[in-house]
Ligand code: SAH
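What follows is one chain in structure tokens, specifically the form predicted alone.
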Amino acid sequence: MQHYPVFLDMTEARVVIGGGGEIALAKLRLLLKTDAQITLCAPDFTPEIKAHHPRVTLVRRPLLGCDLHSARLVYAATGDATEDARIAVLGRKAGALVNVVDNLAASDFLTPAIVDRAPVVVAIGTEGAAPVLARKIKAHLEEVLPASLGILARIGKGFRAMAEHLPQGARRRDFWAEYYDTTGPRALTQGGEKQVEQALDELLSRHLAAQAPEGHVDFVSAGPGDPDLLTLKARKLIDRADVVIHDRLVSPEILELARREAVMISVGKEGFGPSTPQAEIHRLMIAHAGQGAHVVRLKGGDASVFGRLDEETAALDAAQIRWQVIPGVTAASSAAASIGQSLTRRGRNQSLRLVTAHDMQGYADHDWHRLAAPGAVTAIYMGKRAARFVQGRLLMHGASPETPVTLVENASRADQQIVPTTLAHLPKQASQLAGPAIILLGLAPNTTAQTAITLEQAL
């Protein structure tokens, strides 16, 4: 992120625009929505700009240093590169932030696309890379956000002091969520602003009388990494959580979905490496839920697949804490989809095995004879470091060295890598991967799907 988004208080702030044509007018239109003191300096002005006098001050000459006393923002908007550069120098000497219109490199800040539902304002920026995309997003939000949203926000803003009688956290968030989602819009439709104010009073009384919410834990499946593969329920629960206790492999993009105020706790585990003790994970869940918090235990892939779910739910049962499990996409499904293959197929395999390459004692043992059978399909989790052990066991039990194997690293993510190989070369290929990988034993990439993937990457 090159440009850090902020909202400046423009009450009585001085803004100076160098320019009097269409470029300056475009900036002026947005600034007129604020309470800023606006000055334009140019030898002449368009009729549209003149029409805003005396709301704005017009100085009929090029901008000079004396025009910038106490200016907070300066726009160089003449359309002449030399003149805009001169204005930028003067602006910085005066200690103001400078925007040179249509010149990203010469600007201290950018003016984003704005969706105005005052006091709700949505700013859309693309680091200057895609103004057309910013306008497209703006158009979509204009359709989605009702005009009444600003009225509800203004009334709610005046009621914030009263809402502070509710404890901070979930109870206060639930109050405001109910107001904006149902109570407020319904009251506004039925009786206007006075009805909204009355509905707010009644809503607050009901929430003050309600008992404090009981803490609970949601076991949320984060999927293999792509946020678009989250279920709708998972996204909602992550957004509402007071505390998020997450695995090491949960992607940063998914963690970004949590509220800024949420407590984020990493309890990473790594095979044959540093790990958070399971007892500590139990303690954290019980401690936070016991204090009334909504805890999301965020697990990579599907929570019920090699996630030690039973141990954690048993600990919560013993502490008499409520919980639920939200299923999701496991890495094997995502990996198979990425190579265009089905995990099961009539005439090839009537069963599918999901196995882990190691357990608490070390390398895991399995029914190697069944795993080595011709046509068998097995998804091996956490198998990179155990690849040579797996290869040896399978060959000892009759597997062909030419058995197709596909390794999918970082399944579903932007840096996903697909490595087709055979059982004979599995250890060598696995050792070259740095990220988490699923080993699909008995599956080779679908060549048609691979062609499609290559074309998509090229585009």
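Numbering starts at 1 and follows the sequence shown. Here the structure is a predicted model, which means the values were calculated and not measured.
Below, we turn to the form predicted together with S-adenosyl-L-homocysteine, even though it does not appear here.
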property	result
Distance check, Ala437 to S-adenosyl-L-homocysteine in the model of the complex, heavy atom within 4.5 Å	yes
Distance check, Lys428 to S-adenosyl-L-homocysteine in the model of the complex, heavy atom within 4.5 Å	no
S-adenosyl-L-homocysteine contact at Thr406 in the model of the complex, heavy atom, 4.5 Å	no
Trp368: touches S-adenosyl-L-homocysteine in the model of the complex, heavy atom cutoff 4.5 angstroms	no
Answer option from Lys33, Arg60, His53, Arg413, heavy atom within 4.5 Å of S-adenosyl-L-homocysteine in the model of the complex	Arg413
Heavy atom within 4.5 Å of S-adenosyl-L-homocysteine in the model of the complex - residue from Leu255, Leu204, Leu229, Leu249	Leu249
Triplet Gly156, Phe175 and Tyr180 all within 4.5 Å of S-adenosyl-L-homocysteine in the model of the complex via a heavy atom	no
Segment that reaches S-adenosyl-L-homocysteine in the model of the complex - one of 80 to 88, 368 to 376, 115 to 123, 324 to 332, heavy atoms within 4.5 Å	324 to 332
Residues within stretch 287 to 311 having a non-hydrogen atom within 4.5 Å of S-adenosyl-L-homocysteine in the model of the complex	Gly300, Gly301, Asp302, Val305, Phe306
